[in-house]
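Presented below, as structure tokens, is a lone chain in the form predicted on its own.
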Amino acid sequence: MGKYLHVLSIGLQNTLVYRANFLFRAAFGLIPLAGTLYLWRAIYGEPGAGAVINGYTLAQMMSYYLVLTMVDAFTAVAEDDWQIAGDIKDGQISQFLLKPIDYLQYRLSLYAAGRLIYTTCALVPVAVFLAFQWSAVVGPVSVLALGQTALATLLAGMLQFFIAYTVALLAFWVLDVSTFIFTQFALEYIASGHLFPLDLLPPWLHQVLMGTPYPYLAYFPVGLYLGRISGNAAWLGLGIQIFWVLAAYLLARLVFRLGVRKYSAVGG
């Protein structure tokens, strides 16, 4: 583990160079969030009207997006998939095949470093934004729910990385993986609950989506926080999330092994 801790340390140092970029990215990322919140305010009408949409009060709906923003800051994959595809395309991955370094653990260490720095930089604009929206923030339903949310967020980060890693490995077979990455991002954005809470959908469609790994990237952690998913359903959901993490990990290992058999590099 010593070498991967060293990679993590180097990743932290390299990522710190872009701390200003992360700060501005996080700040400007709050603009569409503000637009979404104002849209839901308009849908619900006057704050004192007491409107409820599918069990969501206005405060719960706004908290959904605010908590989602924090979960996304902890788990989102930034440039990792593009860098992995670039390593394969440019032949840089050859050096990892000749050294006692596991490429997946190497990239996971860099991903963790990037998330640590980005989250730290994003705390400033997000904290300021939350201060203006504090009256609309709903706290966790219980200490247990907060702990489950933290665990689910950690698992969501691992799941998101393994999915992105596997998609990027398609560079072993195709010259340009941008179509696959953009398609994966669009599917994830809709099916993970970034656009709207998934339980606003028809029940049958909601159940279909819950059978995929995508809701466990965002909707599930936020649902735990708000108490929309609780009791046995919460523990069952965590079990399913762990299953998807393990499945995505094994798939990533398999695709990498198959890709290396296909891989060839020439030149000096």
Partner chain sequence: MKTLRRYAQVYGALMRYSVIHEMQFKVNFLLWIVVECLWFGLQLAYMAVLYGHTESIAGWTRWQVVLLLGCNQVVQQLFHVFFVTNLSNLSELIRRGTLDLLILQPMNLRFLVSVKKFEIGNVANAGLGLVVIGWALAKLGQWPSALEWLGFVVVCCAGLLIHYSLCFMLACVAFWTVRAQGILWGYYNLFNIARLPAEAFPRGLYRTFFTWVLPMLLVSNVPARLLAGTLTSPGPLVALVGIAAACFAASEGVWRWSLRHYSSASS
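Residue numbers count along the first chain shown, from 1. Nothing here was measured: the structure is a model prediction, and the numbers come from that model.
One more form of this protein should be noted, the form predicted together with the partner chain, which is absent from this view; the next part is about it.
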| property | result |
| --- | --- |
| Among the candidates Gln95, Ser142, Gln105, Thr179, the residue which, in the model of the complex, approaches the partner chain to within 4.5 Å (heavy atoms) | Thr179 |
| The single option of Phe243, Trp235, Tyr38, Trp204 touching the partner chain in the model of the complex, heavy atom within 4.5 Å | Tyr38 |
| The partner chain in the model of the complex: contacting segment from 86-94, 170-178, 107-115, 153-161, heavy atom within 4.5 Å | 170-178 |
| Residue contact check: Leu146 to the partner chain in the model of the complex, 4.5 Å heavy atom | no |
| 4.5 angstroms heavy atom contact with the partner chain in the model of the complex for Pro32 | yes |
| Distance check, Leu130 to the partner chain in the model of the complex, heavy atom within 4.5 Å | no |
| Partner contact for Ala51 in the model of the complex: the partner chain, 4.5 angstroms, heavy atom | no |
| Joint contact, Phe28, Ala42 and Leu200 to the partner chain in the model of the complex, by non-hydrogen atom at 4.5 Å | yes |
| Residues within stretch 174-196 having a non-hydrogen atom within 4.5 Å of the partner chain in the model of the complex | Leu175, Asp176, Ser178, Thr179, Phe182, Thr183, Phe185, Ala186, Tyr189, Ile190, Leu195, Phe196 |
